[in-house]
Structure formats: structure tokens, C-alpha cells
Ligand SMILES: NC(=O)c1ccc[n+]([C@@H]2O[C@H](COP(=O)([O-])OP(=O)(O)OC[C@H]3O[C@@H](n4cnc5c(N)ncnc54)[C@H](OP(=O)(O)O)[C@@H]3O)[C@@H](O)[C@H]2O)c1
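One chain follows as C-alpha cells, the form predicted on its own.
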């Protein structure tokens, strides 16, 4: 019997649900072994980030597991293959159907548990660093909330590809992890504004900001000429003050970016880029996902609370089977 996490008022429950009857053309059915908690899941649960039209209303934006069936036209995968997938929803379940272009084989040497921590954060990192911001070798990056699952992926990926990283985080323990992962500049946001520290570091060419709000004005102050500010979240609020004069004089660009609402074609292009550029780094252990801890899927409530309280360094996983 297929099971999934359902939102019942303020509670989550692991319930029976309708099994997948058929696999559409170009799709793959996966028996899920592991999934992960992302902030988008918390936002969807709170009712402020609904899934795109036509997407599953089940939480979960990534998963790992074993292919059970393939649809017509799928030649890259077969039943029994160990895979991980970028999802638009449906990860908090025992099975999921996903377009084949959003599925990749588990990197060489990785377990299904480790693989579940890869798709969302490394896809988001690649999309925003090298597609949206079009980083060139040597350009410098500022990443906020740098000890998150995404932040730890960004630090490793950017550093491996020749882009120095300045990390901000909420405490010294988190910053120590960022340093170990390769960040060369640091700021504890509990100590106030990061502007002076980043300026002394030489400013940055690109900022990945999941905070928004009052951070935007400070971001602008540390962006170099032709700098790109990529906004990917609103943890600090949706209203911000933007200095248009500074934007004009320094030719700054403010880019809003989400991954979930992009088309299947767009996501397929991101996953193809990951397979070409990131999978070799993962297989060589030059970079790897940072996993904080895991819970059984039946205890998703506790896992989500842990993330909501900003306790995690890296990814929080849910074991399904």
C-alpha cells in the first residue's frame, strides 16, 4: 500500500493513499528510500507556498530510491536502478512519479541516504551561481545562512570551481563548519551588520540571499561593479529598501530566482548540467552533501521543527523505507 505524509490541521500523519496506477510517457516511478526537509516544505505546510498547478500537494522536493517502473520512451533508466530525483512535490511518500529528465543515477560510491541530500541543494546552487549569476572563475560570492543544506553545497561547489566564498551564519559553530568546507571569509550575524567585514574582504561579485528584507540594502553596499544579487527566499520579509542610485552607478542586477516553479525542460537542463559538472566532483569526493541528522518519515513533525528552529548544519533527512 502506498503511504504519504498528509497535513491534518496543525499535525502531520503517515497515511494510506492512492497508489500510482500508471507511469506516463517520459516518466519514472521510484520506490522512495529517503527524502529531505527543505524550507519550502515548511512554507507549504504554513500555507504560504502552494505547489505549482498540476503538482502533487504532498510535501517533499527531492528523494532517493529504486526505480520500480518506467514510462514509454524512457531509455536511461530501468527497474532496479538506484537513483535520486529533483521533485516538484511528492517526496514525503513511499513512491513518486517524476519526469525522467529530473532523475539521475546515484553518484558512484554513495548510499541512498547520502544521495537524498543532493538534488535540491546542488541543483539550486548550480542554477543560481552558474546560470543566473553566470559566475566567472575568480569572482567572489557572499552566501547568507551558509550553514544550511544549500549554504554548505554553495560553499563547496563555488570553491571547487574557483570562486572564493564569504559565509554568514548565526553562530561560531556554524561558521567553523563553513570554514572547514572551504569558505575563506566569515561573519557571525549575531554580531550585527556584515557590511564592514565583507568590504574589508574586498567586496563580492555575487550574493546568494535567502533572507531578503533589510538584508537587501546591506547587500547592495558590498556588491562590486557589475555585481549580481540573487534573491531566493524571504526569511527576513518581502519588503525591502533598494538604493536605485547605487544600482545604477555600479550596474548592479537584482535577480529573483526559484527552482520549483520552473518548467520540466528547465529542470532537465539543470540536472543535465549537474551530471556533467557536479557528479564527477561528488564521485571524487571533492565535494559532498553535509547531513546533520535524520528521522523516520513517521516523525516528520520533529524533523521539520528542528529545521524551523535553525538547529541544523547541512541537510535533515527522512527515512522512508
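Predicted, not measured: the structure shown is a model, and the values here were computed from it. Positions refer to the first chain, counted from 1.
Omitted from view is the form predicted in complex with the ligand, to which the following refers.
Contact check for residue 124: a heavy atom falls within 4.5 Å of the ligand in the predicted complex. Using a 4.5 angstroms limit between non-hydrogen atoms, residue 252 is distant from the ligand in the predicted complex. At least one heavy atom of residue 38 is located within 4.5 Å of the ligand in the predicted complex.
Remark: residue 148 counts among the residues lining the ligand in the predicted complex, judged by a heavy atom distance of 4.5 Å or less. Of the candidates 56, 68, 258, 294, 258 is the one whose heavy atoms come within 4.5 Å of the ligand in the predicted complex; the others do not. Just one of 105, 182, 213, 210 comes within 4.5 Å of the ligand in the predicted complex, counting any heavy atom, and that one is 210.
The candidate spot formed by 120, 232 and 310 lies fully in contact with the ligand in the predicted complex, as each residue has a heavy atom within 4.5 Å of it. None of 93-101, 156-164, 233-241, 219-227 except one has non-hydrogen atoms within 4.5 angstroms of the ligand in the predicted complex; the exception is 233-241. Residues 169, 170, 174, 189 are the ones in 165-203 with at least one heavy atom within 4.5 Å of the ligand in the predicted complex, listed in sequence order.
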